[in-house]
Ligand SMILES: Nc1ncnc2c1ncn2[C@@H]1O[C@H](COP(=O)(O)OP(=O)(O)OP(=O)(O)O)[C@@H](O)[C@H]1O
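A single chain, nothing else alongside it, follows as structure tokens in the form predicted alone.
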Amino acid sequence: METPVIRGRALTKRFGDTLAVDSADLDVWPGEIVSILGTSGCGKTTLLRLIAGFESPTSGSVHILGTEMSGASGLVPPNRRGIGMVVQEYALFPHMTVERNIAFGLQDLDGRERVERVDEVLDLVRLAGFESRYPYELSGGQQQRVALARTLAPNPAAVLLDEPFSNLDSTMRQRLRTEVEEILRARRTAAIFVTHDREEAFAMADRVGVMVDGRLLQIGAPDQIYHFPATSEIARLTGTCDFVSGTARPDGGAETPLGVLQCAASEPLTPGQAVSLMVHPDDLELVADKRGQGTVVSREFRGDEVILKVLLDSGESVRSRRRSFSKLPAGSKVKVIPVKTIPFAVYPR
């Protein structure tokens, strides 16, 4: 049976009265990229530091490739765990060239092997020819690629990435994100990627973990997390969404202001039970109709799309994403038509 590269069990970390990480369980398998999504202060970075060995857990354990690194047997220091970490500040030595920065962690190799390894990772991160430059001569994206090359040079079992793109502008962030994913997948390097940006979390990961107040509340495939968040709190973190009220039916659906909708509930619903259903802007189509059940109250133009906010006759509001050339003006009476082909996530009210 395959062994996870990283296994955390019941990981807990307290700083005085503050519970930073609360009984987190996490497995990362060979070649897998797992993103941890959460707001600032939710415990994401502390979780990474526990895995890396920069923090010791109050309780719980960390295993790397089946060997205990933190737990009952003690605490193995970071430099003996065989994993690398990339942080948002790059953390390059400003007085060292690119080559020397990358070679810094290769002291166990002889001179020729060290040069070959540096050349290998420079090719991997598309910076061949930059070895004699200093960090101040590089762009932010190039500096982050050097930091990744330095992390990959010792052939770590896994890489931990702590919001590595947050200091970059949006265009560079998207490009570098794609490049980093390609590099990790080319090496089949297991990775944990921490971010507060849900687009980044979904785009890079095989699985997404959602962290709130130190707890990993749900972990699963990106589409599973997006369409079927376990709680309404997770729903708000993982996508632009609204909620409409409903009443559970015996057939597993719910009567709502948008008609009868099929539901996907985490636990059985009782007929007649009051529920809330999550709807994304992509789930709803709008058709101009003077007898419709909604009125367009605002338009948010985003260049390639427009978000229309609709006030339903029930008093609830929903949003619909349409192509940018949509001509429905504010004040239009519309029929709101659910177009989602899978059940709607539902929560007790």
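Numbers follow the displayed sequence, beginning with 1. On a predicted model such as this, the values are computed, not experimentally measured, just so you know.
There is also a form predicted in complex with the named molecule; it is not shown, and the following applies to it.
S.K.: Taking the named molecule as it sits in the predicted bound form, is residue 294 in contact with it (heavy atom to heavy atom, 4.5 Å or less)?
M.R.: Contact check for residue 294: no, nothing within 4.5 Å of the named molecule in the predicted bound form.
S.K.: Check residue 41 for me: does it contact the named molecule in the predicted bound form (non-hydrogen atoms, 4.5 angstroms)?
M.R.: Contact with the named molecule, yes.
S.K.: Indicate whether the named molecule has at least one heavy atom within 4.5 Å of a heavy atom of residue 325 in the predicted bound form.
M.R.: No, residue 325 stays farther than 4.5 Å from the named molecule in the predicted bound form.
S.K.: So, in the predicted bound form, is residue 46 in contact with the named molecule at a 4.5 angstroms heavy atom limit?
M.R.: The answer is yes: residue 46 has a heavy atom within 4.5 Å of the named molecule.
S.K.: Does each of 15, 20 and 163 have at least one heavy atom within 4.5 Å of the named molecule in the predicted bound form?
M.R.: Yes, the whole trio is in contact, each within 4.5 Å by some heavy atom.
S.K.: Tell me the stretch among 316-324, 32-40, 284-292, 298-306 that has any heavy atom within 4.5 angstroms of the named molecule in the predicted bound form.
M.R.: Of the options given, it is 32-40.
S.K.: Within 293-331, which residues have a heavy atom closer than or equal to 4.5 Å from the named molecule in the predicted bound form?
M.R.: Nothing in the stretch sits within 4.5 Å of the partner.
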